[in-house]
Every structure is written in structure tokens, then in C-alpha cells.
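Here we start with a single chain on its own, the form predicted on its own, put down as C-alpha cells.
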């Protein structure tokens, strides 16, 4: 369902279905970007980030980007733009209630004015909250008090995810300097984004290292520290998640699913899928 809604406090929500490329745009506010069907690619400078129904992207205020779709079905996207004052008020609230986003002496910091524009997992409380918000709006409901409560919880969910995906992962890296940790994680996120956006391609370790501006050995060591998986293990799990989406939302034959996610051997895929999810792909599709 397509609609746009601007609240009295200038928070904005957009739901649209599109199969066309959109040219250069600017993010006027901090925003959360989701897709519910298909996938959408965001070009930010030289970076190409693809989001699927199991992931989401954030854009900071003033970011220049363009979007495109790479899907055989129309892409249903859902965007929440947060008014700057609403966001600043929330940061004040969060600073006083969650010391994880403060420096060690407990004083306020401007460190989190700009968040990492990378791909985040869309699951758990964030998924639950956003799905309920969308369902509420799809049903034509307009209680702004309730809608803003949903948006407040979206920010709570995002800040918690940010803590897990950025702050805690940076702390896992074996470097003494905090700035070094943040910079290495930024480069590792380039590798992660590349895997998310090219999981169905033949990815080489050398190409991944070059894309992330790290040596092969440095990439292997630090990637495992941050994500608790090797790049190959991360890619395999990502391909299996994409297989779940295809099995749940399409009627592609199993062999076609195998090709679409980048696996070469159907029997190897079936074995890995069963090992990981404790059910065969066919039985998963039948029960979905």
C-alpha cells in the first residue's frame, strides 16, 4: 500500500511500491530504510548497499544517494524520517537512561551525532515494532500519539542495535587505540556490505580485502574478531538466510533457489540448510 504521512511534529513515514530507479536525492532527516518484498540498492558515493527484508539501512541527515531495484517483483519499501528535534530529544533521553552511549565519565558527548550508514540486521524487537506500525498505518489508523510511540520505540530498537553492531563489535578488536578500533570496524563494515550486496556472486578473498582496504591476513583476523565468523562462514549463513526468504516468498524450484543465492551444488546446499535449520528446504517451504 502506497502512502506518505507527515505528523504534526514533522516526523514522516513513507510506504511505496516501486520498480524504477530514482536519481540523486538528499536525506533531509535521519531515516530508517526497510523493504518488505524484493530488494533495493542504495548508491552512496562509490558504495553500493542492497537491503532485503532481513536487513535495513540508516541514512544521516544530508546524505546524498540514489536508489535502484534488482528484483523480479515490485519492491515494497518503508521509510521513517525523524524530525531533527524529535531525534535530539530522544538522544537527551537516551543519554540519561543508557550509559552505553556515553563516554566513561558519564558526561554527554557528540560522538553519536552521525551514525554508521551501514546495513543492520532487521529482526527481533525492531522487526516486531516496525511490522506493527506498518500494519496500523495500512489499516488507515491515524492516532498520532500512538504512532509517535511506535517511532520512539523504533529509535530505542535502533540505538540498541547500534550498540550491538558497532560499539560492542569495535570493542572485540584487539587494538589499544579506540580510534583504530572504530576505523578498522568501518573497513570491516565495507566488507560486510559487499557480502550483503553480492552474496550471489563469486566472491574472492582478495577482492573482499581490496574492497575493505585491508590486507587478506588483516581482514581474516579482524573479521573473525568482530563478527565471530570468518568471511566464508558469514557468507554461507547469509546465503542460507536469503534461501529462507526465497523459499518463503516465491515458488522457485529448489535448484533455481540454489542458483539465485550463489551455491553451485544443490546437494551441498540441502545438507547445509538442514544442518543449520534442522529441516530440509522442501519441508521448510511447506511449513512456511
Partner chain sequence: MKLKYIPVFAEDVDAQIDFYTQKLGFNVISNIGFIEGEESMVLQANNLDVAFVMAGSNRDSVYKSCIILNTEDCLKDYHLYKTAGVFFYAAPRYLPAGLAAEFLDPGGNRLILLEERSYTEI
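Quantities reported herein were computed from a predicted structural model and do not represent experimental measurements. Numbering follows the first chain given and starts at 1.
One more form of this protein should be noted, the form predicted together with the partner chain, which is absent from this view; the next part is about it.
Of the heavy atoms in residue 92, none are within 4.5 Å of the partner chain in the model of the complex. Using a 4.5 angstroms limit between non-hydrogen atoms, residue 242 is distant from the partner chain in the model of the complex.
Contact annotation for residue 14: none of its heavy atoms lies within 4.5 Å of the partner chain in the model of the complex.
Taking the partner from the other structure, the partner chain in the model of the complex has no heavy atom within 4.5 Å of any heavy atom of residue 203. A heavy atom within 4.5 Å of the partner chain in the model of the complex is found for one listed residue only; from 197, 157, 212, 77, this is 157. Site annotation in the model of the complex: the residue of 88, 149, 183, 164 reaching within 4.5 Å of the partner chain with a heavy atom is 149. Three-residue candidate spot 41, 65 and 224; no residue lies within 4.5 angstroms of the partner chain in the model of the complex by any non-hydrogen atom. The stretch among 168-176, 184-192, 123-131, 77-85 whose residues place heavy atoms within 4.5 Å of the partner chain in the model of the complex is 123-131.
Along 131-147, these residues reach a heavy atom to within 4.5 Å of the partner chain in the model of the complex: 132, 136, 143, 145, 146.
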